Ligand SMILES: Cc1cc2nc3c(=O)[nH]c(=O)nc-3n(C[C@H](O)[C@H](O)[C@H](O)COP(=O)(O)OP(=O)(O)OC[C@H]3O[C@@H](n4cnc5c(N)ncnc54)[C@H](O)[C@@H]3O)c2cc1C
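The chain that follows stands alone, in the form predicted on its own, written as C-alpha cells.
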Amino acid sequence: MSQPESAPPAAADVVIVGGGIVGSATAYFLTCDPAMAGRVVVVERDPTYSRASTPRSAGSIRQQFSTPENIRMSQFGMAFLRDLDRHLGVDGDPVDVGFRENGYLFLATAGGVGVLEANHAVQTACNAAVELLDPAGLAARFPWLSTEGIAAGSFGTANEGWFDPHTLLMAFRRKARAQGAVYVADEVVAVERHGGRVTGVGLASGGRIACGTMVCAAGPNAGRVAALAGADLPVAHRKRFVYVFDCKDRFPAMPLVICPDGVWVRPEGAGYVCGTSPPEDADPDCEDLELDYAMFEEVVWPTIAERIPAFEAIKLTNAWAGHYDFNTVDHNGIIGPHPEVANLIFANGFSGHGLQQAPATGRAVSELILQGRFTTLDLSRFAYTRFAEGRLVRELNVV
C-alpha cells in the first residue's frame, strides 16, 4: 500500500534531489546504516514516476563491460538482487522482481573480435562468467541465430539478465521510508551556497529545506540541478525507444542479443522487446516521449530479421520511450563530491546502466557521506574531477 508524501521539513542532514532508483538506493543505504543518526529527505518532483527513467528502461543487468569498476558495480548489484527479501523486505513481504537469468550475447564481425577478446580478458580477471564463442559454437548453442558475417560472440553464462525495474524502484523506496527516509513531492528550483558549501534548497512550492549534505541524483535533469549550485555537470537527456513485438516462434531461453551495429533484442513475457541507440548526430537533448517508428522499420527490424530469420515475420504491438541520464563526455557514471563544494555529491550520468549499478552507487554515496571515503568498492575513478584532469573513462561495451 502506497504511503502519502510528507510535507517538507525545515531541515535535513541529507537532501537527495531525485527519488528514482539511484536516489532511493542512496536513501536506503543511508537509513540502514547505524552511523546515520540524522534525517534523510528525498525530493522527487514526480512521485507517480510516469515519466521517470527507471520504469521506462529495459530493466537489464550485465557484467560484460570493458571497465573493471563497471563490472564490479554490476556484480554488487547482482548479489543484491539475489538477496532482495533480506535487503528490501518490509514486514515479511517478499520482493520479487521477476529476474530472468538468460544472459547477454554480444556479437562481433571480424573487425570487432579484437575488442571482444580484450573485453573478455578484463571480464575474466574480474571473475565474470563469460564465454567467447566462434561461429560454430554460436550455431550449436543458439540454432535460431544466423552467424553469417559473425566472427565471434561473447556470452554471459551467469549473473546477467533482466527484471522488472518499477518493482525494484518501489521496493527501494518503500524500504527507505520504512527506515525513516522522508519523501517530499516537490521540485528543487534553487540551491543556496555559502562559500564552499550548500546550505539549503528552495522548492517549487515555496518551501525551503536547510541541509548538511546535498546529493544530486536527478537523472537526466542532473545538469540543471547542478547548475542551480553553480556547478557544470555534463549530463543531459537522451531519448531511447523500446519496441515490443510478437512472433509465432518462441525462444524462451534466448539471451539479450546485441548485434555488431548495436541493435538489441530479447524475450519479454510472451513476446520480445528490441531497440538501438541513434547516431550521435541524430541524438539531441530533448525531454519529450514521442515515438519514432521509422527507426524500427528502417533500422531495428531489418537488423534483427537478418540475425534471427524467424523475426522476418513479426507484429509490432507496443512501444515506449524513456530517457538516459547521458554523460556527454565519457558516457560513465559521475560519483563523488564537487571539488569546490564538498557537501555537494553527484550520482549521475550512467548513460544507460544506472539501474543495474544503483545498489553499488547508493552504497558508495552513503559511504562518502558517513565515512568520508569508499569502503565497499573503490569508485574514485568516476570522480567529477576526472574531466578537468583528463582522466576520462572510456567504456567500450556501450549498448
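Sequential numbering from 1, following the sequence displayed. Just so it is clear, the model here is predicted, and its values are computed rather than measured.
One more form of this protein, predicted in complex with this ligand, exists but is not displayed; see below.
Taking a 4.5 Å heavy atom cutoff to this ligand in the predicted complex, the contact residue among 57, 366, 63, 332 is 57. Comment: this ligand is not present in this chain, but in the predicted complex one of 360, 41, 355, 344 has a heavy atom within 4.5 Å of it, namely 355.
Contact between residue 340 and this ligand in the predicted complex is not found at the 4.5 Å heavy atom cutoff. The closest non-hydrogen atom of residue 177 lies beyond 4.5 Å of this ligand in the predicted complex. At a distance threshold of 4.5 angstroms between non-hydrogen atoms, residue 49 is in contact with this ligand in the predicted complex. Taking non-hydrogen atoms only, residue 183 never approaches this ligand to within 4.5 angstroms in the predicted complex.
Looking at this ligand in the predicted complex, residues 23, 188 and 218 each place a heavy atom within 4.5 Å of it. Only one segment in the set 294 to 302, 322 to 330, 128 to 136, 280 to 288 has residues whose heavy atoms sit within 4.5 Å of this ligand in the predicted complex; it is 322 to 330.
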